[in-house]
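As structure tokens, one chain now follows by itself in the form predicted on its own.
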């Protein structure tokens, strides 16, 4: 059995930034580390390159009797860029342990949680080499760039993967180190860039100001129109397909154990501004959104430069809930922007990737599908038991506001549902400087996850 903390340090040192063409060595090093770990645990490993892709998928399989349960374990070995580097207290790719945390890019997303599953399965198989469980690892290197190779990979391998019973992963969060969450839903995603153009070149604001509409003004007027004062998205038809939240989900949310005031203080904001009919906690899990993720135009440097810019841009993302179609939402947003854009400027919409929302219902809830996989139900029960035993509290069953686009793809292509056990915490700073992973969660997580797979195998 390898030392998980030392192996995580080694993993973090691999600067595996999938979107950075200069990080090929880091991507290869991270991939090789995972391949070596799985091979040493007895898995047959293939590194699958998709012709249209950039970074390969790791496919590792432990077979057995066809009557054994078969689970797929998903993870990703790529990470976000580390910028801005000056805000890190220690170098992003030089792991450092401070207190109960290990700091470094990718520590929590997704290298630490992925190693929890690899370490737990390695430990379990060393103890029980004849464990009656088929296990397939599918670990990609493009999650942080929208998983462009993953759907073609699923199509290519669906005859093998479709024989599995369910998918298990840990790429979601939990609120506290002693209170884990089994994520039952993920929001979908629709991304686009809006570019507004005025004059054919930047203009002197003294010589030409007052004769034309500034593209920044046009852009911000449209952006401001996309929300109502009550916080709702002001796009006709945006909420038409939103389904009501089930009562059991609201009941679970009351067990979260964090007050709205504590949440407000954590965010560092003077007040909340959720959409009408949603509480702050409901808004982040059950409500759809339209957000501005970046905006620019004109002079951005120090001091002043009196120009009217030729162009201005904004990056927009919509988080979507179950039953909302990203294609339909994209069309609604486009039509609204087209209708509201001033006619004395031109604009262009650049489509980025999108994803369907995903919801799975734990066994015993009022709306649990009758045809739910028995192995998936067993995985839920095993997780409930193991987490309660190791962490001292039963897991909560909640939707999460983030998106893992490949989960909906897995459901659509393979027909498999997923169980998502959250192992990172709010303080772990995913995608931000000083990302970290709680070592106590890692240690207990390995114990709990080992029990989960053993219980799935033995029923």
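None of these values were measured; they are calculated from a predicted model. What we label the rigid core is the largest C-alpha set whose atoms superpose within 1.5 Å from one form to the other. Positions refer to the first chain, counted from 1.
The form predicted in complex with another copy of the chain is left out here; the points below concern that form.
Another copy of the chain: the contacting residue among 178, 277, 348, 265 in the predicted bound form [heavy atom, 4.5 Å]: The residue from 178, 277, 348, 265 that makes the contact is 265.
May I ask you to choose, among 328, 123, 163, 315, the residue with a heavy atom within 4.5 Å of another copy of the chain in the predicted bound form? When another copy of the chain is considered in the predicted bound form, the option within 4.5 Å is 315.
Contact stretch among 302 to 310, 99 to 107, 73 to 81, 376 to 384 - heavy atom within 4.5 Å of another copy of the chain in the predicted bound form: That would be 302 to 310.
Residue 42 versus another copy of the chain, in the predicted bound form: is there a non-hydrogen atom within 4.5 Å? Taking the distances in the predicted bound form, the answer for residue 42 is no, it never comes within 4.5 Å of another copy of the chain.
Exercise: residue 199 in contact with another copy of the chain in the predicted bound form, heavy atom 4.5 Å: Result yes; residue 199 sits at the interface with another copy of the chain in the predicted bound form.
Would residue 298 count as touching another copy of the chain in the predicted bound form under a 4.5 Å heavy atom rule? Yes, residue 298 sits close enough to another copy of the chain in the predicted bound form that at least one of its heavy atoms falls within 4.5 Å.
Does at least one non-hydrogen atom of residue 187 fall within 4.5 angstroms of another copy of the chain in the predicted bound form? Contact check for residue 187: yes, within 4.5 Å of another copy of the chain in the predicted bound form.
For the stretch 203 to 232, which residues lie within 4.5 Å of another copy of the chain in the predicted bound form by non-hydrogen atom distance? In sequence order, 203, 204, 205, 206, 207, 208, 209, 210, 211, 212, 213, 214, 216, 217, 220, 221, 223, 224, 227 come within 4.5 Å of the partner.
Please say whether, between the shown form and the other one, the C-alpha of residue 362 moves by 2 Å or more once the core is aligned. No.
Core aligned, does the CA of residue 276 move at least 2 Å between the shown form and the other one? Yes; that C-alpha moves by at least 2 Å between the shown form and the other one.
Residue 225: after superposing the rigid core, is there a C-alpha shift of 2 Å or more between the shown form and the other one? Yes, the C-alpha moves 2 Å or more.
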